[in-house]
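Only one chain comes next, encoded as C-alpha cells, the form predicted on its own.
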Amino acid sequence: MNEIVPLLGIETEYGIIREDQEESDPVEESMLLLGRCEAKSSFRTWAYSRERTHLDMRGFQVSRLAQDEEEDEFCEQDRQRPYSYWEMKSDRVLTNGARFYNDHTHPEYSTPECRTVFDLVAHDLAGEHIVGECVRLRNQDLGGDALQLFKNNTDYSGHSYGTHDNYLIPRQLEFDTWVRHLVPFLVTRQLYAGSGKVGAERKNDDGFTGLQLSQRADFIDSVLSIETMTQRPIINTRDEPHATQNYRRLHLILGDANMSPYATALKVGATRLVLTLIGAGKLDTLFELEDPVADVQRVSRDITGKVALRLKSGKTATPLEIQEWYLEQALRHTGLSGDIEEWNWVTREWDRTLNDHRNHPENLADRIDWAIKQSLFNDFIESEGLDWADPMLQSLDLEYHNLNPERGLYYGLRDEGSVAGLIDPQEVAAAVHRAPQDTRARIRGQAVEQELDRIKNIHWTGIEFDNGEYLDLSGIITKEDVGQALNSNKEQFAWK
C-alpha cells in the first residue's frame, strides 16, 4: 500500500556563541564552523535559483515576506564583511544526502529525506555528531573551548530559532481540511514533544516562572502564515513541495529541538499517523479550538496536561483528552499504514506516554525532555536552596542542550544510562556517511560520493553536472522510483 506520507525530514538551527568574546559575529562564527567540516561534501554549489518561498498553499503568491526585509538588512551588514555571499552561506551537501549550511546567524542541519521514523531519528542524531565534530575541530583551532553550540530554540534574550519537522503529503485534499484536523493535535502534542523551558519570553512579560512544556510556544503568533521569522504560525503555508505538484510539503515550525531521540520519534511518528488519518478521510472534526494561538501558550504553561481549552462548540477539553482521542483514532485504523511495525511502536508508546502523563508523570523523566529537565532541576533546586525564578536555572536549561560532550547535561544523563536509548549507535555512525537507501537522498548522496568533481549545482529536486546534464529528482518519491532512477542512470554516471 502506498504511504499517504511517504517522506519525512527535520531541519535544525543550532544556537552558537563564542564565550571568550563580549560580542561575536554569529554569521562569521557559523561560516568558520562550516569551514571545519571534514566530511566529503559538495561545497558552495547549492542551487538557490530553484528556491520558491513566496507561493502560499492557500492559493496565492506574496510579493514580499518579512524575512526578505531582514535579509535586506543582513545584506547591508554583509557588505561590511570581507566575504562573498557564497562564502558566508557555506552550503554543504553530504554523502548521506543531508544539507549543512549557514542560515545566516545559525548553522543549520537538514536531514536527508527519510521513509521511516527510525531512519529519521538516526539521521537527526547523525546531524548532532557532524555538527559536534565541527565544534571540536573549530575549538582545536581556537586553542580552547570557547565555541559552544546548543540544540535548542532560545537564547533567553528574546530570540528563537527553529526546529522544523517536514512531511510530504498529497495535494488532492483541500488544504483547509488538513488545517482543521491538524491544529488541535499540534497545539497539544507539546505533552510529549516539548523540550521544556524555564520561565517565559513573551513580548508582554506576565512574570511567569516555572517550567513550560515547550521552548517554541512563547513565539507562536498565528494559526496560519507563510512567514517563519515573524508572525510564526501553528501551520506554515509556504507552498514549496521540493517535489512534483502532486504533493505538498507540510513545513511545521512550531516544534522544539529534542535531545531525547525517543521524544523525536514519538513527535514525528504521531504526527505522521495523524496526517495519514486525515489523508485517508478517517477523522471527524471533534475538537475545534476557539483560540488555538493562545492555547499554545496555555498548554505549554500547564505541565499537568489538564488545563481546560475552550472549543468552538462552547464545551471544553483538556490537552490529554484531545491527544487521547487522536490516539484512539490511530488504534482503530492500523491497517492504513504500509509499515505496521512503525505504526505499532508509535501507538504503543503514545499510549504509554499519555497514560504516564495522566497517572504517573514522574515516569516520563527517562524519555521526555521537559520531564527529564523537571526531575533534574528539581533536584538542583532542592540541593542548592533555590526556586524556579533563579536565573541559574536558565543557564542549566541551556547546558542541557549543549553539544559539548563534557558539558551537555543531556549527554551526561545518556552516558550514565538515566535516559532511554532508541537507536543503535552503529546505525547513527552509518548515517553520518550513508543516505537512506530507499529515498532519493541515496541518489544525491551517491552523486556527491562518486561524481563530486562533476557537480555544478545541487538541490533537493535535482543535480546539474558540468557537462550540462541534469538529473531531475523531483518525481522520485517511492522506493520503486529510487530503483528505477538508479538503473536508468547507472551507465551514464557510472554509479554502483
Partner chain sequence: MEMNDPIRREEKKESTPDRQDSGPSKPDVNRPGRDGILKRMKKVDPKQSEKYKQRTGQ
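Predicted model only: the values in this text are computed from it and were never measured. Numbering follows the first chain given and starts at 1.
Missing here is the form predicted in complex with its partner chain; even so, the following discussion is about that form.
Among the residues 139, 297, 160, 222, the one placing a heavy atom within 4.5 Å of its partner chain in the predicted bound form is 160.
Taking a 4.5 Å heavy atom cutoff to its partner chain in the predicted bound form, the contact residue among 246, 426, 84, 394 is 394. Taken together, the three residues 34, 433 and 478 all stay farther than 4.5 Å from its partner chain in the predicted bound form, as judged by their closest heavy atom.
The stretch in contact with its partner chain in the predicted bound form, judged by heavy atoms within 4.5 Å, is 324-332, chosen from 274-282, 166-174, 90-98, 324-332. Taking the partner from the other structure, its partner chain in the predicted bound form has no heavy atom within 4.5 Å of any heavy atom of residue 301. Using a 4.5 angstroms limit between non-hydrogen atoms, residue 9 is distant from its partner chain in the predicted bound form.
At the 4.5 Å threshold, heavy atoms of residue 315 reach its partner chain in the predicted bound form. In the predicted bound form, residue 16 approaches its partner chain with a heavy atom inside 4.5 Å. Of the residues in 371-393, those that come within 4.5 Å of its partner chain in the predicted bound form through at least one heavy atom are, in sequence order, 375, 376, 377, 379, 380, 383, 384, 391, 392.
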